[in-house]
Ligand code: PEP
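Just one chain is shown here, as structure tokens, and it is the form predicted on its own.
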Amino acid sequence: MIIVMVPNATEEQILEVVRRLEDRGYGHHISRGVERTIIGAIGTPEDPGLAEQLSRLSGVERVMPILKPYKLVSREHMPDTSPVKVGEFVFGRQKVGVIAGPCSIESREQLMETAEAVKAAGAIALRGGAFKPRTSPYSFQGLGREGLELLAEARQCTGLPVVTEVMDQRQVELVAQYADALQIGARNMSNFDLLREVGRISKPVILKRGYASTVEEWLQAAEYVASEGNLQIILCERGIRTFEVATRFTLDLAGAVVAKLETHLPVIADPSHATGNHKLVNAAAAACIAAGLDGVMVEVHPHPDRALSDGPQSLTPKRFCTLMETLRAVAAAVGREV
């Protein structure tokens, strides 16, 4: 349930609601707006008797049940899209954000060349994998801590905030020391211990949809993060597995739009992983912006033919510049900016 306080409710009135919730075994999340404070009750099942009691408290305007299985991330909890800040850029507002960089950090030279190129073209953040989940145990697995240190150096040189994937709950503290936003990859969307762990930190989390997960499962995964107190969540559609083999995965643009309607979280997409082909990335990314998503994440490599992972889907810096020009035109056509 959510408890909507009257305008200018006092701190004492808010704390009384919190105390009542805690006495009945509920957690809570407080959202303080310009005029009103909203308190989300965390716990199931919802108690009609408690809702009635809370509605009678001084300072409470109304109590509303939330019927969705994802409570805190639902539009019922917060009707307006929540802003999520990565560096100085705010996702969920008029501007569309483009995160770009290599799939894997391979060397200092490769990362710095890419970072300078994507910044010059207009990217708002640098992505790069220090720890890489790979299907084959014999494939390149990333540079680990060395990769994180290179990301920090790239941030210092370019001013771009950095985004990288965390694969294990034991890595969260380490990765959070270096990254401005932590990515949860598709393979880990249902790693609930990891989701809870990133929910306990104060860094933005980019949550990719599992490639065999429904939209509802994706949003419930986000709820795991939110239930630990961290609502700085950006959802990322990265393609799902279907019968189609013309592309690496199937970009579920309709599913991403459903997520926009169902949740107050910003939603972006990863057309690189969805298509698996650099020739398709521009069109897929443009479609995402036209559909109203809040940004895209794309892979860029100075020499895709030499990439240690995901070379076929990586854009060259020159192709990335072309993509940015396309996205600016599409964003302008739908009343937004890149």
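In this text, all values refer to a predicted model and were calculated from it rather than measured experimentally. Residue positions are given as counts along the sequence shown, with the first one as 1.
If you look for the form predicted together with ligand PEP, you will not find it shown, but the lines that follow are about it.
Engineer: Can you check whether I268 is within 4.5 Å of ligand PEP in the predicted complex, heavy atom basis?
Structural biologist: No, I268 sits far enough from ligand PEP in the predicted complex that none of its heavy atoms falls within 4.5 Å.
Engineer: Counting only non-hydrogen atoms and a 4.5 angstroms cut-off, does A186 reach ligand PEP in the predicted complex?
Structural biologist: Judged by the heavy-atom cut-off of 4.5 Å, A186 is in contact with ligand PEP in the predicted complex.
Engineer: Determine whether any heavy atom of H77 comes within 4.5 Å of a heavy atom of ligand PEP in the predicted complex, and answer yes or no.
Structural biologist: No, no contact at 4.5 Å.
Engineer: Answer yes if any heavy atom of K71 is within 4.5 Å of a heavy atom of ligand PEP in the predicted complex; otherwise answer no.
Structural biologist: Contact check for K71: no, nothing within 4.5 Å of ligand PEP in the predicted complex.
Engineer: Report the stretch among 283-291, 268-276, 63-71, 24-32 that approaches ligand PEP in the predicted complex to within 4.5 Å, counting heavy atoms only.
Structural biologist: Result of the contact check: 268-276.
Engineer: Which of these residues, H264, K119, R155, K132, gets a heavy atom within 4.5 Å of ligand PEP in the predicted complex?
Structural biologist: Of H264, K119, R155, K132, the residue with a heavy atom within 4.5 Å of ligand PEP in the predicted complex is K132.
Engineer: Please pick, from C103, V225, L151, A123, the one residue with any non-hydrogen atom lying within 4.5 angstroms of ligand PEP in the predicted complex.
Structural biologist: If I apply the 4.5 Å criterion carefully, the residue I get is C103.
Engineer: Are there residues in 234-269 with a heavy atom within 4.5 Å of ligand PEP in the predicted complex, and which are they, in order?
Structural biologist: If the 4.5 Å heavy-atom criterion is applied to ligand PEP in the predicted complex, 234-269 yields only R238.
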